[in-house]
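Only one chain is shown below, in structure tokens, and it's the form predicted alone.
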Amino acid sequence: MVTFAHAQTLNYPLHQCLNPQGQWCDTVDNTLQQPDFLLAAYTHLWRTRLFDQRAIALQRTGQLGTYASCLGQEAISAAIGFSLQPNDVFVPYYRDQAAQLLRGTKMRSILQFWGGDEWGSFDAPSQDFPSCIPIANQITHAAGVATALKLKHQKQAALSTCGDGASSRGDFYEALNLAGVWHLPLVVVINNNQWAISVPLSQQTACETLAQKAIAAGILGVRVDGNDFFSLMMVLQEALQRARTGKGATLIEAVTYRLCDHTTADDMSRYANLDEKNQAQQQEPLIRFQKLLRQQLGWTDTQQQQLEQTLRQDIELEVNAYLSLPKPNPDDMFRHLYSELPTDLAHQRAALWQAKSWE
């Protein structure tokens, strides 16, 4: 009799160190519990949240283009930023503001990018990639980077991120398959925020978990609470160290919930269940982290207000710097796309200059 194994039976437990009540529920590295690190991480989570709010306000007032918020998902990108080493290669997608800021990208540059000027993508470390807007393309780019690192025998890792919807695309599977066959130093982090624009997770995959998609590629898969900054740190640090030391690729599913519209061009209220969203709100990473600080360090409302005030002042300086930037030159989209411009684009370029519609 033939025995069939069903993928749904595979066990991928959800790793968690800090529960929604702000209490430790598993072992955490001592370095992650030091007061200085706790405050630095908490500050950056709030920096990201407040910057995100300001970016949305700029879009709503016509001072920024379509923008992808990271509300409720800050812990994933922040943990990535704190875990990467300077010489690692980061290949982000469009909700990675927290990591980009930690990698050295200025807020004004992120705003410049979302304002329609792609020169805003180029003040990150030279080896890092700009945000990828097409879905899942960045995973194949990262596999290419990881291949180069392996061929050069460099003890570096390539890390790329994507949403749950991207895990349903061919680029995702092709990159993971390559990572498994060639034993690449690649880490792929799925931000499972439960929504691919308006499509819920249940309608885009029959898998019980996204982590188990690693099985077909022959690489390690792990699930982690995407609202738990500390569990994310521990999982990421281990996966990155495995990559750097020649132990292969890892797929990480970070389980969270998108508390915002897909982008500022979306209206989540048209498809999301309000009760479900409100319940997810109680699990979000900043509330959880704040509960921990209150218990561990006696964090007060006054300290919270002072922190937010200082961060808002810093953010406003960056916003003003962004608003003072010269307007982007539309000719850049022609000059920096092809070495030899195709005829149809040459005609478009000529029409652009004739109209000078940007002036």
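Counting begins at 1, following the sequence as shown. Because the structure is a prediction, the values reported are computed rather than measured.
Not on display, but discussed next: the form predicted in complex with a small molecule.
Colleague: Can any non-hydrogen atom of Ile133 be found within 4.5 angstroms of the small molecule in the predicted complex?
Modeller: Yes, Ile133 lies within 4.5 Å of the small molecule in the predicted complex.
Colleague: In the predicted complex, does Ile219 come within 4.5 Å of the small molecule, counting heavy atoms only?
Modeller: Ile219: no contact with the small molecule in the predicted complex.
Colleague: Heavy atom to heavy atom, is Arg108 within 4.5 Å of the small molecule in the predicted complex?
Modeller: No, no contact at 4.5 Å.
Colleague: Residue-level contact is defined here as any heavy atom of the residue lying within 4.5 Å of the small molecule in the predicted complex; does Asp128 satisfy this criterion?
Modeller: No, Asp128 is distant from the partner.
Colleague: Would you mind picking the one in Gly180, Gly120, Gly81, Gly165 that has a heavy atom within 4.5 Å of the small molecule in the predicted complex?
Modeller: For this set of options, the contacting one is Gly165.
Colleague: Pick from Ala196, Leu71, Ala124, Met233: which residue has any heavy atom within 4.5 angstroms of the small molecule in the predicted complex?
Modeller: Flagged contact: Ala196.
Colleague: Using a 4.5 Å heavy atom cut-off, indicate which stretch of 91 to 99, 140 to 148, 268 to 276, 110 to 118 touches the small molecule in the predicted complex.
Modeller: In short, 91 to 99.
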